[in-house]
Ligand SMILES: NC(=O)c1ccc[n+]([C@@H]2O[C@H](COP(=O)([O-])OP(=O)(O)OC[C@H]3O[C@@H](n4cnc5c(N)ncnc54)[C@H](O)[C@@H]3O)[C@@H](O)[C@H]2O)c1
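The data below hold one chain only, encoded as structure tokens and taken in the form predicted alone.
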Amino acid sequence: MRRLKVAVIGTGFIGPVHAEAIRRNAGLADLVMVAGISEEEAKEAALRLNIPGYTSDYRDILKSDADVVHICTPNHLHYSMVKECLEHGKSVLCEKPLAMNSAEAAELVELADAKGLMAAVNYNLRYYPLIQEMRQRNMEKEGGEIFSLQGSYLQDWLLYDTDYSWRLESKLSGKSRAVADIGTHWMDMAQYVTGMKIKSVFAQFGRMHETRKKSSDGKDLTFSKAEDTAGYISYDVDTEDYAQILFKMENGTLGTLTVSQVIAGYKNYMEFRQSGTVSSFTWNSEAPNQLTIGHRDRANEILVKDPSLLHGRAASMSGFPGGHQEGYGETLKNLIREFYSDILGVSSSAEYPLLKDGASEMYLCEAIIRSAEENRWVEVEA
């Protein structure tokens, strides 16, 4: 069977994560090139990740024989890079958000369709086995009719005013930060699991720090704690540290979501709770191999991830037997397997987040931003 040739643009946190997940699909693809922002950085990444080719100019990838390009760069570069890849006949897997606004995202959807190319957005959290199990149980109405959703996505890595990331600067990340960065993962999961779209929103944004500090030499490291701040400079922040969102889905189901990147003690905690007329489902990302099933008239259940106990598609996302833990790394591996299998035509049941899903999230974020600005309910554009 033919194997895809794959290149990765970006060497920060998420680029190496993609590289590892690509390698774990070795039967489908070979990782052939990486692009960084400098020759030195690209070479170092290539040596560390054992990638044969490297470049400081991502356009070298466009001229190469790579079949698929993974875009793992800051948000403001996504639109132009996806567009150039598609125009050069490359399939694309892009980190979210797909673009900086819905107009750009819609253009990319149309371009991929016109070119007949397969392209995806990395909403990888769909691929936890028990998220797949929840979706299947909802399709079969095992929990009854869904009438309410609640949840949160909580982090603390931006708690201090000296914590820095390019995501804090709207010119690089967009008009929303916490919601666009992590809230979209929760909302994508909610819509995927239930099979329903969010139709209207009421949002409030908050900032812990109106002004933050960063090093004058630009050498701040994401997720690191500043030790010496003597050489730091101040800058204004115009994106949210935290948000509260009320929403209504297309069938009238009501929901609430709390998003925060400044809540001490929560490193990467996403909780999803679904209320149905028969039972409830509760899951969180820090215990991803357990699904709590709540009952009224009998003891609650804790379903432990075990492929022998799961529905077919959920079982196929379980790489290890019951009792062997799986986590974040497996989610991207599973998404890539589905995406590559579709490109190669070796799967008739591949199901992964498309560019249109990325565009839908852009429309949703824009409605949330408008709601926060205007203090009212806002309909989400279809």
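Keep in mind it's a predicted model, so treat the numbers as computed, not measured. One rule holds for the numbers: they count along the sequence shown, beginning at 1.
Keep in mind that the form predicted together with this ligand is not shown, yet the notes after this line are about it.
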Selected contact from G144, G206, G294, P74, since only one has a non-hydrogen atom within 4.5 angstroms of this ligand in the predicted bound form: P74
With this ligand left out of view, choose which of E133, D241, D163, E95 has a non-hydrogen atom within 4.5 angstroms of it in the predicted bound form. E95
Answer with yes or no whether H78 is in contact with this ligand in the predicted bound form, where contact means some heavy atom within 4.5 Å. yes
Can you work out whether I22 and this ligand are in contact in the predicted bound form, taking contact to mean some heavy atom pair no more than 4.5 Å apart? no
Is I336 close enough to this ligand in the predicted bound form to count, meaning some heavy atom within 4.5 Å? no
So in the predicted bound form, does D188 come within 4.5 Å of this ligand, heavy atom to heavy atom? no
Within 4.5 Å of this ligand in the predicted bound form, heavy atom basis, the matching stretch of 144 to 152, 248 to 256, 112 to 120, 165 to 173 is 165 to 173
If you apply a 4.5 angstroms heavy atom cut-off, which residues in 124 to 151 are near this ligand in the predicted bound form? N124
